[in-house]
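This document opens with one chain alone, in structure tokens, the form predicted alone.
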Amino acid sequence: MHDQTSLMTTISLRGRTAIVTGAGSGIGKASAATLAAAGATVYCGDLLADTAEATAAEIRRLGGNAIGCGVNIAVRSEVNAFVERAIADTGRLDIVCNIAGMMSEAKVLDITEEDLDQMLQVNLKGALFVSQAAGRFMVDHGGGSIINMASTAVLAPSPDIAVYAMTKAALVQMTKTMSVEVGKYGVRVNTIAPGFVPTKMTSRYYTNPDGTEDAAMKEMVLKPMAKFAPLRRVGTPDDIAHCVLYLASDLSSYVTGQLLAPNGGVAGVS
């Protein structure tokens, strides 16, 4: 049974090292900030070094420990260097969050090979490369938590995003298989499948050609999304980051190979 002190210790990530890909914005940024607030030293990876460092700088301003790193997760050598830097700097690696991803839209009959290859490179191979590099260290050093970001698209079909859903479904299966293979070494591997969350990825529905948001269109998009959810709202990056914290911390020490679906109840009624 927990008392207040032991419960806070179980949640705490103090002294641990985490890497987060896609940390430049949205769910990745929120997750990096949340892990840092819980005490972890966070290596914020993003395709653009400037956005990665901007997230890290904001975390440091709030009193956390963070380092920004530019990394293209589709390139194995860059992934290895990113993971090796975190290990070299801190001597450990406890938490990995594979959040970087990309979206494209096309009907199944119109999917091009180029689009398929690009999505596989980022959404699947990138997460695999990170999981391999980090997982080898974790297996050799007594454990860790790998958290992969999927989507509610793996639970219910949606038109025009087949390639995205395919890559995320493959990521879910990779997670389950890896969890079986590394569990005996104390490494946990889980997936989060968020519902609709307004982020840079989803804002394409209400973004003007000049990059600004169309407020009226945003309301038109978000209002039915909220109405469809039993909780009557869309998600926020922090909602998903809280799930990341749960899977990163010792609160989930008996949880592996699972898919956590914070989506306001949408999948339950679809």
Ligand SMILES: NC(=O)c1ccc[n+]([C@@H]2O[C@H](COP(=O)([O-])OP(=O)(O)OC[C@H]3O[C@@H](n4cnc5c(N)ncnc54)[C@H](O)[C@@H]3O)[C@@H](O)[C@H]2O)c1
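Just so we're clear, the structure is a prediction, and the values are computed from it rather than from any experiment. In this text, residue numbers run from 1 along the sequence as written.
The form predicted together with the named molecule exists for this protein as well; it is not shown, and the discussion that follows is about that form.
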Please pick out the stretch from 138-146, 179-187, 73-81, 88-96 that is in contact with the named molecule in the predicted bound form, where contact means heavy atoms within 4.5 Å. 73-81
Answer for Ala169 alone: is it within 4.5 Å of the named molecule in the predicted bound form, judged on heavy atom distances? no
Is Lys200 one of the residues lying within 4.5 Å of the named molecule in the predicted bound form, judged by heavy atom distances? yes
Is Gln258 one of the residues lying within 4.5 Å of the named molecule in the predicted bound form, judged by heavy atom distances? no
Just to confirm, Ala133 within 4.5 Å of the named molecule in the predicted bound form by heavy atoms? no
Would the named molecule be touched by all three of Ser25, Leu48 and Gly101 in the predicted bound form, meaning a heavy atom each within 4.5 Å? yes
In the predicted bound form, the residue from Val122, Ile161, Leu128, Leu116 with a non-hydrogen atom within 4.5 Å of the named molecule is Val122
